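Coming up is one lone chain in structure tokens, specifically the form predicted alone.
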């Protein structure tokens, strides 16, 4: 068939960066981040984390095409921050949240394993 190979959804080809940054030339403190080999799952999580930042005026994402395995995240910030700072802060905060979730899960599994 004409369908691409399944591995193309996940494996970033050599020579292509996982995340690329492009500054918006028309709007001050705005930029787009292209994240390769990701979909709505990561796009929505990053968008919602960006909305928690008081310096972020706009955060959204889109999938350019269903057969292109990338998302484009647009961020517009106040003058107190930059899109790069907001993106990095969102990723770091998500990393901490996921670590906390994993630790809580592992503690509950250990507690239930001990009880049974």
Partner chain sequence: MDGASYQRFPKIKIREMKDDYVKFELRETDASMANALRRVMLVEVPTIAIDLVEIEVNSSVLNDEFISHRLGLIPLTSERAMNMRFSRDCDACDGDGQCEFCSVEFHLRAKCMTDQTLDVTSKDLISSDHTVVPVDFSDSAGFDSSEQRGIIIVKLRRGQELRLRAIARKGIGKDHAKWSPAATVTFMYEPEILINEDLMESLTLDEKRSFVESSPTKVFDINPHTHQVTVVDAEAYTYDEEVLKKAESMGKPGLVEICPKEDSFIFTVESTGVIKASQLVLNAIDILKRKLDAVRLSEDTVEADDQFGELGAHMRGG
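Owing to the predicted nature of the structure, the values given are computational and were not obtained by experimental measurement. Positions refer to the first chain, counted from 1.
The same protein also has a form predicted together with the partner chain, omitted here; what follows describes it.
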Do residue 62 and the partner chain share at least one heavy atom pair within 4.5 Å in the model of the complex? no
Should residue 44 be counted as a contact of the partner chain in the model of the complex, where contact means heavy atoms within 4.5 Å? yes
Does the partner chain get within 4.5 angstroms of any non-hydrogen atom of residue 72 in the model of the complex? no
Contact with the partner chain in the model of the complex for residue 78, defined as at least one heavy atom pair within 4.5 Å: yes or no? no
Residues within 4.5 Å of the partner chain in the model of the complex, restricted to 13 to 29 and counted by heavy atom: 17, 18, 19, 21, 23, 28
